[in-house]
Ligand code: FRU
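Single chain ahead, by itself, as structure tokens, in the form predicted alone.
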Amino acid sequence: MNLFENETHQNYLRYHIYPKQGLLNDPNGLCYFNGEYHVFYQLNEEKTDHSVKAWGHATSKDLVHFERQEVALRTGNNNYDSGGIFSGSAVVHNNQLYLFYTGVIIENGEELEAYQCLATSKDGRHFEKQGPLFENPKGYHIFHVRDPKVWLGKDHKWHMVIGAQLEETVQGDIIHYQSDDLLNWDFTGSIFEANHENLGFMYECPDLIPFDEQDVLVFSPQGIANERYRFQNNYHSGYFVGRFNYETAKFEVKSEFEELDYGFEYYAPQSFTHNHEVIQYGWMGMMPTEKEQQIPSIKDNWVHNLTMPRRLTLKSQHLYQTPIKALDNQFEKQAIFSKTQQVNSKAIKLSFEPHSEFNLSMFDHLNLSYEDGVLTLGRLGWTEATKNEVRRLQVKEINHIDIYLDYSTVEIFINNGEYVMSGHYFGQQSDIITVAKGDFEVAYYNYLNS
């Protein structure tokens, strides 16, 4: 089944993963196994809310053309995941796929317990649950311990980080386990030193990414106060650069916490490494429930999508994010313009080099401008309460911008991936792109399968 078999509505997407029906959220279990890429994701199969979660599943030979597979993991009639299959990760070992996830018990709306669980597969299509791996450590909230990420360390041991909340202080934390065989795990404690800066009441979806000389710790803290140019959303995702010490099992922080995406809804990213490239997906959909339940695609019984797959590179202490080449090669140049351009698709790419202040209007629903060192992304919201929403980013200089528009999704890469802004947009759009301010040329490309 091709992922894009039934796109007839204006909000359906062409090069993003979205659910055939129901609600999609966090990317899970990203890996390359048996000659294909596997992208799992949180999925409410029937409803467009967060009531029950399973693991949806899509596969691809090239990260461009996807097929939806049968749901990989569903809740069971047991005492460890009857309330939901929450987020996690995957590794390949001895020709077998290991899926690590958080199973939860929820009864009558009350969040009771969470367990770190394992499921295995020999073919990437059929999955066998192995149950919980260990009891959660004392001192942490019994439900707010979730989202295991597993990797093979430089010490040739398996390592797992899990998002958590300290019970006594109600602060976020990330805890660590290690194993020789992926089945028996030893708890080592928090990966942070005692003087770690408090970034909120819960840390979700941790991801330890080893690079050559440094490591990057990605996670999604909840509870950071909003600022004018940072942390402008409901919850946020970002990273520390530093070094994971395999002897002490501590992450030695060497940088300030920096956001990954300065747009509207980005959250819960996860990465995997294949052919020496680090590739990351994120969820485009973190927002308050009232706003979420008014998204126009809900009338077609689906909501939210993943980002494009992004290639991560670390330069000094900053992560650069760029679309993978295989996907970027799917765009064909149509025209070059400097004032106004009528486009014949809603799945397009725009590229330009402004070098000074500018204002670009897209479809009468999106606006990107740069003035006095501030890049502003504005959108016409889909409700009366969300009209004319903006996100702002301080940037000293802008020399290149790539904009990817996909019917109801936008991703903007600034200075060849130095910064990214993304988000949803909906409504009856025009088909006009206008340079309202600035003296530069814009290259316009169509997506080949649009």
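Start at 1 with the first residue shown and count on from there. On a predicted model such as this, the values are computed, not experimentally measured, just so you know.
The form predicted together with the named molecule is left out here; the points below concern that form.
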query	finding
Close approach of L360 to the named molecule in the predicted complex, 4.5 Å, heavy atom	no
Interface membership of R379, the named molecule in the predicted complex, 4.5 Å heavy atom rule	no
Contact label in the predicted complex: T307 to the named molecule, heavy atom within 4.5 Å	no
4.5 Å heavy atom contact, S87 and the named molecule in the predicted complex	yes
Of Y98, F264, W283, F272, the one that lies within 4.5 Å of the named molecule in the predicted complex (heavy atoms)	W283
The unique member of A268, L350, L260, M160 whose heavy atoms fall within 4.5 Å of the named molecule in the predicted complex	A268
Non-hydrogen atom within 4.5 Å of the named molecule in the predicted complex for each of D26, K53 and E204	yes
The named molecule in the predicted complex: contacting segment from 312-320, 143-151, 330-338, 249-257, heavy atom within 4.5 Å	143-151
